[in-house]
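This document starts with one chain, in the form predicted alone, laid out as structure tokens.
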Amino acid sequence: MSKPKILILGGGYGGIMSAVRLQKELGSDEAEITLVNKHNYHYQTTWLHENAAGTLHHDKTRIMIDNIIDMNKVNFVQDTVKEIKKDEKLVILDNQELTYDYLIIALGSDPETFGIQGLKENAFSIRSINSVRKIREHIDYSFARYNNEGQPDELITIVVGGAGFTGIEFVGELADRVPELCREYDIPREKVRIVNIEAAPTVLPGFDEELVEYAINNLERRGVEFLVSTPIKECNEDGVILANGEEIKASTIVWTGGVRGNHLVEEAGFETMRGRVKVDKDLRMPGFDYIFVAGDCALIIDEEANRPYPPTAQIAIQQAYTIGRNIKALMNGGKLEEFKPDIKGTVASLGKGEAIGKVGNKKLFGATASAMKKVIDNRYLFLLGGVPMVIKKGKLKLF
């Protein structure tokens, strides 16, 4: 009798951790596990804002997949998913086709542009190693051009659309990086503008007000400008036009204003909301007992708050544990468990040695919050590859 085929699509938090858990839950004689990812590395999405600003090299953020998974237990296929044929149990890749008995969809997200004209064509986004490398190189080049091209203000104006976690963390890193760029290219710091634009009435919507106030004061003191209750109407090659008609000229526009589930999920014919599937309590696709969904593609409702949980790395990692156990139970005729997120806390970095956070009922500020952020990041590395992975890739200096 042939072994059941388990196919994992995507090597982000949900996908790579599903592979790690399944190789521990199942023996090599119990199932044929295959992981598909377009790159031969996994990267920590929660560090990409540092790579984009140039405060952390992207090689620190990525981890080679063969350093994470046991290649004797998991087949790794480096390829790009083109189509999911759900009724045929078939996945079309760029270079081959794969069949499966059990499927885990963990394909990550696409930027959500909310119909803003020109945003897709003219703004950068923080979403991959390649995208953040482009942002860093573009910012460096813009500063290098400033004194050679008549000192146009737009070359040293950076607009960041969206003041959620990614936007706030990115402007925090920029506030650290800009003084270095100014020294390198002989530009007065006061000439540089970092403008964070948010359509909602406040930055970090939904976050604790005291922590938000600390973040705003800290970042404004370091030269970040905030425009709240200010939707972006249009983005063009010269900058952005706001809903009130004001134009901000900028050579660098970075959009962090939201994500939606991967387009491939919607295109496969699954019922979605902004590309995300409202999964059953055991993380299965409704109507498909053999398909599980994790990470940005899964929509899970927080019944107490009556709204979806945000698609965070913390939740994706926890989903992978549940999926691993549930696939094993499904194969052995056991009972599947419900997924219940265990939100241990939330921390947002504001640059070197600065952060805000809430762990349990305790609010954290400044260096304490920053140290907690590093502990959280190092814990994930430990779950991936134990102490050796923490030593190799972790942020070991907490203060």
Ligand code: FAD
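Numbers for residues come from their place in the sequence shown, where the first is 1. Just so it is clear, the model here is predicted, and its values are computed rather than measured.
The form predicted together with this ligand exists for this protein as well; it is not shown, and the discussion that follows is about that form.
Note that among 227-235, 159-167, 204-212, 96-104, the stretch whose heavy atoms approach this ligand to within 4.5 Å in the model of the complex is 159-167.
The closest non-hydrogen atom of A313 lies within 4.5 Å of this ligand in the model of the complex. Contact between K373 and this ligand in the model of the complex is found at the 4.5 Å heavy atom cutoff.
Put simply, L264 is close to this ligand in the model of the complex: some heavy atom of it is within 4.5 Å. Using a 4.5 Å cutoff between non-hydrogen atoms, I126 counts as a contact of this ligand in the model of the complex. Contact with this ligand in the model of the complex, defined as a heavy atom within 4.5 Å, holds for exactly one of P111, G108, G239, G275, namely G108.
Just one of K60, K352, H39, K363 comes within 4.5 Å of this ligand in the model of the complex, counting any heavy atom, and that one is H39.
Contacts between stretch 56-94 and this ligand, counted in the model of the complex as any heavy atom lying within 4.5 Å, involve D79, T80, V81, listed in sequence order.
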